[in-house]
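Only one chain is given next, in structure tokens, and it is the form predicted alone.
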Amino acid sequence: MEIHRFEKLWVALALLLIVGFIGTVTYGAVGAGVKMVDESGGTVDANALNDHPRFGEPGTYQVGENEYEVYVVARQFLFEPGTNEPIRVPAGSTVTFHITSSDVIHGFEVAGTNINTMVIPGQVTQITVRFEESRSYGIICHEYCGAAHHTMEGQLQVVPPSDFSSADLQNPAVADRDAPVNDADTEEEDE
């Protein structure tokens, strides 16, 4: 059976695309560290976020030397904090973001970084990042969340450690480091 040279060319191109697709997915998972949102962040009651010890007062919490946790609530059409006031963290620190939504599905992307996730009501997404340099980043919602979705944006400021102060923290005294941070933690303590 003779195969026309154009058919051979298209078969070769199709195989090349398949290999390229598999290579891209493999690079994203292994090389770039792209991973799926899992259940490690736990869950919270999306209708009672104001009663939550951290999501009730979202912001930056210091949990160790050069270690911070940032609690962010996404709601139509803002990030709290982020939109009305920027999220501020010091350069050279390790930051774990805990993000949830109080209403509908949102997106949370810090432009120019690998921080990019879907935000689901009641599901807490955890992302840990180390910021080495001082810089400002834009935060955008990339999931259509309503009529004013295009206005949902915020800002993350990585500032020099000398410019970072206790005024940027929700817990300047690091007093409630061991407080439960999600409903799953509370349930475990009750047992």
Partner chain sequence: MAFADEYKETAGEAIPIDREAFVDQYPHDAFIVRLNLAVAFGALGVGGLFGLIQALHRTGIYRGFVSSADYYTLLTGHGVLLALVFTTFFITGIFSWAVVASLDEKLSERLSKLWFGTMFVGTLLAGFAIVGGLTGGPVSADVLFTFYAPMAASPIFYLGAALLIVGSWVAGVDWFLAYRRWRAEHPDERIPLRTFMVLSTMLMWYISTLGVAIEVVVFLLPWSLGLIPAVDPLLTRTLFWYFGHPVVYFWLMPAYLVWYTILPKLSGGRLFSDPLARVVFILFVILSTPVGFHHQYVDPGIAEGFKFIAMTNTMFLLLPSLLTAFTVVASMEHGARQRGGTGRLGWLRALPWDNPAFSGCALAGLMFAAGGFSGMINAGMNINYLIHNTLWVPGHFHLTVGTAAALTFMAITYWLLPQVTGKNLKLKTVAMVQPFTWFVGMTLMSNAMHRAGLAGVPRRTAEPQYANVEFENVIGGIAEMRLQIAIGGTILFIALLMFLAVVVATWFGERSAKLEVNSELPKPLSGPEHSPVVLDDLRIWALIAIVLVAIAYGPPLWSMVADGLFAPGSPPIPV
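These numbers come from a predicted model, not from an experiment. We call the rigid core the largest set of C-alpha positions that still match within 1.5 Å between the two forms. Positions refer to the first chain, counted from 1.
Although not depicted, the form predicted in complex with the partner chain is the subject of the following passage.
Contact check at 4.5 Å (heavy atoms) against the partner chain in the predicted bound form: none of N50, N66 and A167 pass. Among heavy atoms of V104, some come within 4.5 Å of the partner chain in the predicted bound form. Among heavy atoms of R135, some come within 4.5 Å of the partner chain in the predicted bound form.
Residue contact with the partner chain in the predicted bound form: V70 places no heavy atom within 4.5 Å of it. Shown alone here, E153 lies within 4.5 Å of the partner chain in the predicted bound form, counting heavy atoms only. Looking at 116-131, the residues that come within 4.5 Å of the partner chain in the predicted bound form, counting any heavy atom, are N116, T117, M118, I120, P121, G122, Q123, V124, T125. Core-superposed comparison between this form and the one not shown: the CA of Y27 exceeds or equals a 2 Å shift.
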